[in-house]
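Okay, so here's just one chain, in structure tokens, the form predicted on its own.
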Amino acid sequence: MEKFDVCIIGGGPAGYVSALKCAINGLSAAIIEKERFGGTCLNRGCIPTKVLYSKAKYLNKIKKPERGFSINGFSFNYGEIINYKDEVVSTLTGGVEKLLKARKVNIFYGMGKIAGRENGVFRVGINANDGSDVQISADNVIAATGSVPLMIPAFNIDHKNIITSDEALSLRNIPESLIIIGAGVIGCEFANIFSEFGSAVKMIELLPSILSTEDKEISKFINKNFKSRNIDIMTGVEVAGIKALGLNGKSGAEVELKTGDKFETEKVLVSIGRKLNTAALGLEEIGVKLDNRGKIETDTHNETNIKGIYACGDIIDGPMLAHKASYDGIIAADNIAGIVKEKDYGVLPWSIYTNPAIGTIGLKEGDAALSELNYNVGRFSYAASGMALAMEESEGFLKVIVDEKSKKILGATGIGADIPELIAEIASYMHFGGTVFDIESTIHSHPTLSEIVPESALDSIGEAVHKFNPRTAKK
């Protein structure tokens, strides 16, 4: 039986990054993956959706060319776009495998399960993809098995007419009509993509607003933006059931609301949440604590209540984000190697790729934590940015939340061209406890969109250079 310092179960952003970090730290590592490396993010999430997003943005420019240009006639081949998406995914998943091999990480393809523990060493059984059964042992185990789309029995998901985000990324033809159940991040990103390519999109959301967890101003902005693009939005309504049916001789589906209203469509995309992949890992048998959803309890080192077993990514507390999962993996790998680190999600950026895109970090207006703080909000519009005007990207704004006394940055949110990149800059200031004056003293190249960052921050104290704000500066 081969023995390793660490065995990682799952090859997504948490798993493969932790395996690489273990190897960098000088540990012998084995990783078990049932399909392709990269997990949901690389294969069925972040990367493939961004390929389609970038193509949708390009199409939007063709349909609405910049001033001075006219385009007479164009066409697109959606099947070829999907081919390109598949090529990008294949390139990146292959790249991850090459990195693992280069770092001497042992790869096992199959399903892994903790089979027991003897003398402080864990036995891990592998049901290999070739049908064989393999056992290895390890001093430490990292569980990083991620999540899958949540299935609701009443929704009758058949993966053909009634689909999840997984199938939506593999459609080779744009549906004439599409109903999206759920107007969170996934639902809004797909609404943006499919509406641009010509689908008649209807969104149905149980909560009172779309993107309900975001800043209210952002939610209203996207709501208005979507409606201007003829995306039909229904909020505060509950779906009673969905069933597949024939639609004008084609496949189709019907959505029924609790009110009794019914809507027919070619496809229904269900995007209402995700299920954790922790049921078949042998964790409960060995005493690892899980909640009723299957979420694994961990400490600040990402170690469970059983010494030597760690968990990362979607299956522990915190948002289901690929970069958060990778961060988790590094925390676990370093602590296993004796490099003591505690996780801190206080500076955790996230993005939503609508058009324009959304970016957020830290606290935002409406968060309960702000109710106990004295703070100011700075704001700067893309319409006042020279670079944004030059790019014909004047739609959007950036808001920065600043502690009134210390002038430290507490958070930021915005919508507009390349806003996730601007948020990344703010993340660096926040990580090192930066203030408005730290941002002001950093020279930003002109002309760039990044100039919006110091203008927004300085606006919080009434000192934005290219905007009048009567607020008195507080030194």
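Note that residue numbering follows the sequence shown and begins at 1. Computed from a predicted model, the values in this text were never measured in an experiment.
Unshown form predicted in complex with a small molecule; subsequent notes refer to it.
Asks: Would you point out which of 285-293, 380-388, 99-107, 318-326 contains residues with a non-hydrogen atom within 4.5 Å of the small molecule in the model of the complex?
Replies: Checking each option against the 4.5 Å cut-off leaves 318-326.
Asks: Residue 182 versus the small molecule, in the model of the complex: is there a non-hydrogen atom within 4.5 Å?
Replies: Looking in the model of the complex, residue contacts with the small molecule include residue 182, since a heavy atom lies within 4.5 Å.
Asks: Within 4.5 Å, heavy atoms only: does residue 197 come near the small molecule in the model of the complex?
Replies: No, residue 197 is distant from the partner.
Asks: With the partner left out here, check for me: in the model of the complex, does some heavy atom of residue 351 sit within 4.5 Å of the small molecule?
Replies: Taking the distances in the model of the complex, the answer for residue 351 is yes, it comes within 4.5 Å of the small molecule.
Asks: So in the model of the complex, is the small molecule close enough to residue 189 to count as touching (4.5 Å, heavy atoms)?
Replies: Although the small molecule is absent here, residue 189 would touch it in the model of the complex, with heavy atoms inside 4.5 Å.
Asks: Just one of 202, 274, 123, 85 has a heavy atom within 4.5 Å of the small molecule in the model of the complex. Which one?
Replies: The residue in contact is 274.
Asks: Give me the residue from 151, 71, 373, 207 that has a heavy atom within 4.5 Å of the small molecule in the model of the complex.
Replies: Selected option: 207.
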